[in-house]
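Have a look below at one chain only, the form predicted on its own, in structure tokens format.
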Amino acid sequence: MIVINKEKCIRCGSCVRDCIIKILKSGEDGMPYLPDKLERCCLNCQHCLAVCPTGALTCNGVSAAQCEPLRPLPRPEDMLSLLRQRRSVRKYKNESLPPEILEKLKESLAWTPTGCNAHSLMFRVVETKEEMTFYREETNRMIMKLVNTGIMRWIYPAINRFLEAIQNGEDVIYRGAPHMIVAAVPKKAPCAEADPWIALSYFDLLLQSYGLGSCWCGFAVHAFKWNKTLKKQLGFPKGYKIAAVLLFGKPDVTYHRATAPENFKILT
């Protein structure tokens, strides 16, 4: 439901013009309104709330007073430095992040964009080293079982170069990370393939701003799909598929410069 404060509205029409599905209309007096028959079509994208210069709209119970004010954005050169300096970290300090940092990181997930504003993603953030130990031990148990039967070499040939390290007890999957975030999405979501990766990419960049390290963990995605014990521990409801996993924590390695990668081909 969209409610218009008629005393605050200056009839500028910004909300009507920016409504992405064109359900907001302008009355004869210039006052915007939402026809009852179109109310169910609202995506709750809150564009009308954000674009209103006087804060005259309340969108599905959210008013302008509940929204963060706009603040200066990072300069382009600062953002480019962040992108240049971002590294995949595979060595972490054996310590958990403070609860207040974890909460801020989790809160940021609300602002991730999703296709059709479906907002149906679900996340599991592993916050304790004890639970990470559970995932490590159960994943290694599964790997060794598959290795011993010969199945692993067939279903995941890339694991061959890690077999000796795994057999020696090295954590080549979770890399000693104290935390991880798992993204799951309904199988029938409009953009089920893209949404989880976009969400964790946003999360990844925020991690860098805190001086934290991260590493995408594709093998964990497969492990959670194959292993019922791991999947049950994550606790996602039926109908959701696990799509992306990101390890994170305080890095135990220091990089002294950005790299100089070869440019990708850009067609013109």
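Sequential numbering from 1, following the sequence displayed. Treat the numbers as computed from the prediction; the structure is a model and nothing was measured.
Although not depicted, the form predicted together with a small molecule is the subject of the following passage.
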- prompt: Thinking of L97, H179 and K250 as the candidate spot, does the small molecule come within 4.5 Å of a heavy atom on all of them in the predicted complex?
  reply: no
task: Choose one stretch from 135-143, 82-90, 117-125, 100-108: the one whose residues place a heavy atom within 4.5 angstroms of the small molecule in the predicted complex.
output: 82-90
message: Please tell me which of Y202, Y33, Y210, W216 lies within 4.5 Å of the small molecule in the predicted complex, judged by heavy atoms.
response: W216
